[in-house]
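First, one chain by itself: the form predicted on its own, in structure tokens.
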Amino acid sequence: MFHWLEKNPFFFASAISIVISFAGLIEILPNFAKAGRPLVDMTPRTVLQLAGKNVYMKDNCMACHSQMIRPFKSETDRYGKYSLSGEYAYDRPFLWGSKRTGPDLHRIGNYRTTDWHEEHMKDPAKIVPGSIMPAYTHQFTNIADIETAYAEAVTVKNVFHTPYGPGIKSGKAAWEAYKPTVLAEAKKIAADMKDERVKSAMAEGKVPEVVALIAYLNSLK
């Protein structure tokens, strides 16, 4: 058989390609599967952070910011460790982005603070001279849709088996029981903010969009 293959270059080359491809698949596919799994000790985003992610998408932040640091020195020097597949395991959808009018945000939680984000969203050019980013002052008065974010968490838990805690359950009663957890997290963010509109809304048990967005940005590490 092998002598026959050696006398037929086309079939010989095809046989070699099949063997190499099969060996490559055996070696590569398990690594791909492993890389796509959540990192050790990684947990899904909280309901407040999911609400902030929805604000991020609603205001189209990904039009100017990416969330994927490539493994090049020029990128890791500026933005931090390059992104790993497993870090996106619980993201639906991914917000990798394809344009960088502004900087990559995948590690922004490591070097920006709540009060920095507050002032930056109000007046970007004041905080970053020369910035062309518009102000997002409406986020200080708009109220975040936390209930929809909770419903999203319930869905991904039930459909994709995302490991949310036992408190994430279907039904209005479950949401009402969980709401204090979200408000407690939001109050920790708001405690580091100065804006009176934020303080007033939080006193009424409402979460401004900017608080949810900052919670999301702080989680990007």
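Numbers for residues come from their place in the sequence shown, where the first is 1. Small disclaimer: the values here were computed from a predicted structure and weren't measured.
Below, we refer to the form predicted together with ligand HEC, which is not included among the displayed structures.
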Judged by heavy atoms and a 4.5 Å cut-off, are 101, 121 and 124 together in contact with ligand HEC in the model of the complex? yes
Please check if residue 111 has a heavy atom lying within 4.5 Å of any heavy atom of ligand HEC in the model of the complex. yes
Mark residue 185 yes when one of its heavy atoms lies within 4.5 Å of a heavy atom of ligand HEC in the model of the complex, and no otherwise. no
So in the model of the complex, is ligand HEC close enough to residue 134 to count as touching (4.5 Å, heavy atoms)? yes
Just checking whether residue 146 would be counted as a contact of ligand HEC in the model of the complex - the rule being heavy atoms within 4.5 angstroms. no
Out of the stretches listed (169 to 177, 43 to 51, 149 to 157, 56 to 64), which one is close to ligand HEC in the model of the complex, meaning heavy atoms within 4.5 Å? 56 to 64
Pick from 116, 88, 82, 96: which has a non-hydrogen atom within 4.5 Å of ligand HEC in the model of the complex? 116
Enumerate the residues of 195 to 221 that have a non-hydrogen atom within 4.5 Å of ligand HEC in the model of the complex, in sequence order, or give none. 213, 217
